[in-house]
Each structure stands twice: as structure tokens, then as C-alpha cells.
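Take a look at this single chain in C-alpha cells; it is the form predicted on its own.
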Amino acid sequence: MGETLQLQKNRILGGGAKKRVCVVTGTHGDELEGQYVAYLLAMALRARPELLDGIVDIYPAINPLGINSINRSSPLSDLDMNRLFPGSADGNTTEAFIDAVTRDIRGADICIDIHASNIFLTELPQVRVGERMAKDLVPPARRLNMPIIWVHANATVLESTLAYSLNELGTPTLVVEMGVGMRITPAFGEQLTHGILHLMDHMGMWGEKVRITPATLVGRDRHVTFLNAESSGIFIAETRVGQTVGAGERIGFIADPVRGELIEAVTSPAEGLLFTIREYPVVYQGSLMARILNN
């Protein structure tokens, strides 16, 4: 078609320019929580430029066509961009674009890859890291002001994601998951922005003390309980993410809208922090309802 696919990057320069932080969002076109973080962070940095010592690169939409078309995948290939990293300069348009993104971010002191959940689930803000990289990534993850760090087993970390590829290339990358698809949760965005500034303060890039509440819980796969629907119907949640629930405590119910009957009382199988809850009400047997970080 002869058109140009251009990635917009907001580079904010401070004095010294010794260290570089990259903030990436918009890999999936239906995940918008990071858009608000990009706005808040840029606004904070531009309001106090004298405090910044280094480079902050903000990539607000690395899947611009996906965001413009409300499409989770890249409309060019109908493929999930976060399954194609690190890309290929000799590949198709999407692969070449991803290769350019990877090369542009590579070499940063740290990268923060922001994701929202999909339209089906609401996620409490959390940092996700692979078990193999946990020793290096958990310390900076603690500074992001997120209530949970979920350390995944290596087998569940896809090798074709942005985070995995950059970590393999020597660029420390943290994955943040929060909120819900196609929506913005302002409180979550403000919390993460504060955490990014706190991390930059610790790195010597931000000349103002930023304090956070050190309440981060670190959980591994064995500490996470999955709750799946035993019936099909309409799910009505009776609790929210961030609440502590007890074993056997009711968190919602599944109803039959045709017969007007209560099909299933959904109860927590374990005591702990509810960090994932079903957002989309239509469920089928086996649908993920909730995730709980066990006490």
C-alpha cells in the first residue's frame, strides 16, 4: 500500500542522561490501563524536569493499529504481537515492526511492560516475573508499589513475549498486570505511576523522595488457588479484588436467568487475598472465576 507504520515514542530527557527507563504499553489493543499511566508519568516528569536525571522512554501504544480498531491482535496479521518477540527484520510487516521495537528498547536499565487483563477478569495490580529471573527481578518489582508479585514457573512463561525476549537480551523487564480489558481504572494507574517514580528515585533518576507502603506479597504458583465454575449461567460477584477472604466464604453466585434459580453459590476454597475476580458475567463450566493468593 506504500504507507508507513510508525511507532510513537515519548522521550523525556533529564540532566546527565546516565540511565534509561522504558515504559511500554498497548501491546494488546484491548488493554488500555497503561494509557493512563503513560499520561500521568509524562505529566509528572514534564511538571518537574529539574528532578529528572536520565532518560525515560514512554511507548504508549506499541500496537497502534490494534488500539485504533479495538483489536487485541495486530490487524495486519491477526496475530498476538506478544507471541512474536523478538521479531525479525526479514519477516512480514508485523515481525519487522516488532524487531524494531525490540532493538529500540534493548539496552535500557529497566523496562516496565504494562498490561491490563482481558474483558473477562479484573486483576488487582501485580508484577509477574519468571522463576528463573526472580532473583534479579523481585527486588525492583518490590519498588513498583504493587500489592502482589507473582513468580511464575518457567514452563508458564512464554518465550515469545516482550518481557522474556528482553530479559534474555540482558534488559531487565517487569510485567505489570492490572485492571480489566477495554477500561481504565484511575486508582490503579495512579498507584503504578507513584511506584515508577519510587523505582526511579531508588535508581538515582528522580530527585525527590517517593514513599510507598511496603506491603508487597510475593507468591509462587503453589501459593495461588484457582477457582473455576462448576456450572454454566450468569455470575454475580459479591466481593472485589483486594479483599481478604476466608475458606468457605461466599464471593458470588451463579444464576439461571431462564428458570430464575440459583445454580451455584461460589465460595472460596482457601483463605487469602482475592486478586482476580470474574468481570464478564456469562460463565460456562470450567470458566475461571477467581484467583486467591493463599495466606
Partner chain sequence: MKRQTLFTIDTIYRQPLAVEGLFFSDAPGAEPAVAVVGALRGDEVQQMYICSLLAGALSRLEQEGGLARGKKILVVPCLNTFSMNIGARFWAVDNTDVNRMFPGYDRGETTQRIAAALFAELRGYAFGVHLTSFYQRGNFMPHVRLWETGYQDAALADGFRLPYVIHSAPQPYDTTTLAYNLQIFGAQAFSVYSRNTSTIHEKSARRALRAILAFLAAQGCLSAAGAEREGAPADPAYPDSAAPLHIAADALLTVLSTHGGLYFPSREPGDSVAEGDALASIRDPFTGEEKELVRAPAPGRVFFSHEGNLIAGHDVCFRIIQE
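From a predicted model like this one, the values you see are computed outputs, not experimental measurements. Positions refer to the first chain, counted from 1.
Here the subject shifts to the form predicted in complex with its partner chain, a form of this protein not shown in this document.
Original post:
Each of A89, N228 and P257 near its partner chain in the model of the complex, meaning some heavy atom within 4.5 Å?
Top reply: Contact check passed for all of A89, N228 and P257.
**OP:** May I ask you to check whether S287 falls inside a 4.5 Å heavy atom distance of its partner chain in the model of the complex?
**Re:** Yes, S287 is a contact residue.
Subject >> 4.5 Å heavy atom contact, I234 to its partner chain in the model of the complex >> reply: Residue-level check for I234: yes, a contact with its partner chain.
Original post:
With the partner left out of view, is L13 within 4.5 angstroms of its partner chain in the model of the complex by any non-hydrogen atom?
Top reply: Flag for L13 set to no.
**OP:** State yes or no: in the model of the complex, is some non-hydrogen atom of V282 no more than 4.5 angstroms from a non-hydrogen atom of its partner chain?
**Re:** Because a heavy atom of V282 falls inside 4.5 Å of its partner chain in the model of the complex, the answer is yes.
**OP:** Sort through D104, E168, E131, E159 and report the residue having a heavy atom within 4.5 Å of its partner chain in the model of the complex.
**Re:** Among D104, E168, E131, E159, a heavy atom within 4.5 Å of its partner chain in the model of the complex occurs only for E159.
Subject >> Sole residue of A153, A96, L217, V210 within 4.5 Å of its partner chain in the model of the complex, by heavy atom >> reply: Residue within 4.5 Å of the partner: A96.
**OP:** Quick one: find which of 74-82, 168-176, 107-115, 198-206 has residues within 4.5 Å of its partner chain in the model of the complex by heavy atom distance.
**Re:** Result of the contact check: 74-82.
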